[in-house]
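Okay, here we've got a single chain as C-alpha cells, the form predicted on its own, with questions on binding and movement later.
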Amino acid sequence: MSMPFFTPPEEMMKQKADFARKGIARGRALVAMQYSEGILLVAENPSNTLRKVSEIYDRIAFAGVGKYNEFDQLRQFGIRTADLLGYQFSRRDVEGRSLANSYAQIIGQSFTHEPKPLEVEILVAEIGPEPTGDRLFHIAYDGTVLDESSCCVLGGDAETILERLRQGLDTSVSLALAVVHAVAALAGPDRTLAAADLEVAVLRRGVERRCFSRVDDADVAVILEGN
C-alpha cells in the first residue's frame, strides 16, 4: 500500500506565496500618493479599455495589479457592496476600512483554502475632509491589510519604485508636480513613459459627492511635456 502524498502546511503556504508574488511581479506597477488636493493614482497601463483604477463609491477608489479577471471581480464586488450599504443605511456609512476588511477576508480565504491563490494586490483609497483623513489600504495576495501613509506602490518591482517615490516626496505639491514625480518613479532612470502608457486618476478633496475623476491622456501629455 502506497503512502499518501503529504506536503507540510508551511511548505504549501510558501509555494502559494511564491506563486502569487511571481504572478503579481510580472504585471506593470501602480503608484498612489497624496498631493495638495487629494490622492493621485498612476498606473502603467497602455490599454484604453482594461482599467486598473476605478471608482467604487463617492470618496473611494479601487486599484488592482496582477491577473486582470481576478481583480476586476473584486472591483465589481466592492461596487455592489458599497451601493447596497449606502442604500440600506447612509452614504456616509460607506467607509474604505470596512471595504478593505471585506477584501482581505475574500483574498485571505482564497490563499488559505484554495489550491491556487488569487494573483492580485489591490488598493482601496479613501479621501478625507482633511489630508490627515486620507486612507490608503493596501491588501496583499494573502489577505494582509497594510494601512499605508502618504504613498503606496503595487506590482512590478515595487520595492525599487517605492524607494524612488519616497525620494523627494512632497504631499503638498500640485497635481502636475505629483504626476511628474509619480511617473518618474514608475519609469526609473532607464525608461521614458508617455501619456499613452499611463492611466491617471484622482480623488479630489472638497467635491460634494463623486470625488473620483480621470485625467485624460491629452492633459497628462501636457503635464509631462511641460516638465
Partner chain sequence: MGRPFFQIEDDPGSNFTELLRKVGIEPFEPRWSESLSVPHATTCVALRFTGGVLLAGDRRATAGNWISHREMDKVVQADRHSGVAISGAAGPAMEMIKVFQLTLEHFEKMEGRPLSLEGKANQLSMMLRGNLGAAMQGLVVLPLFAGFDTAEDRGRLWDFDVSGGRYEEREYVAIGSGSMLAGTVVKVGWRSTLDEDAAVELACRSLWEAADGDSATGGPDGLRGVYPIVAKIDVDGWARVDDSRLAEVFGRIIGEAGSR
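Please read these numbers as outputs of a predicted model, since none were measured by experiment. Positions refer to the first chain, counted from 1.
What follows is about the form predicted together with the partner chain, which we do not show.
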Open item on the list: Among the candidate stretches 154-162, 181-189, 56-64, 29-37, which one is within 4.5 Å of the partner chain in the model of the complex when only heavy atoms are counted?
Closed with: 56-64
Open item on the list: Would you classify Q88 as touching the partner chain in the model of the complex, given a 4.5 Å non-hydrogen atom cut-off?
Closed with: yes
Open item on the list: Since only the chain is shown here, I'm wondering whether T81 would be in contact with the partner chain in the model of the complex (any heavy atom pair within 4.5 Å).
Closed with: yes
TODO: Could you confirm whether L146 comes within 4.5 Å of the partner chain in the model of the complex, counting heavy atoms only?
DONE: no
Task: Exercise: S150 in contact with the partner chain in the model of the complex, heavy atom 4.5 Å - done: no
- [ ] Would you mind checking 98-113 for residues with a heavy atom within 4.5 Å of the partner chain in the model of the complex?
- [x] S102, Q105, I106
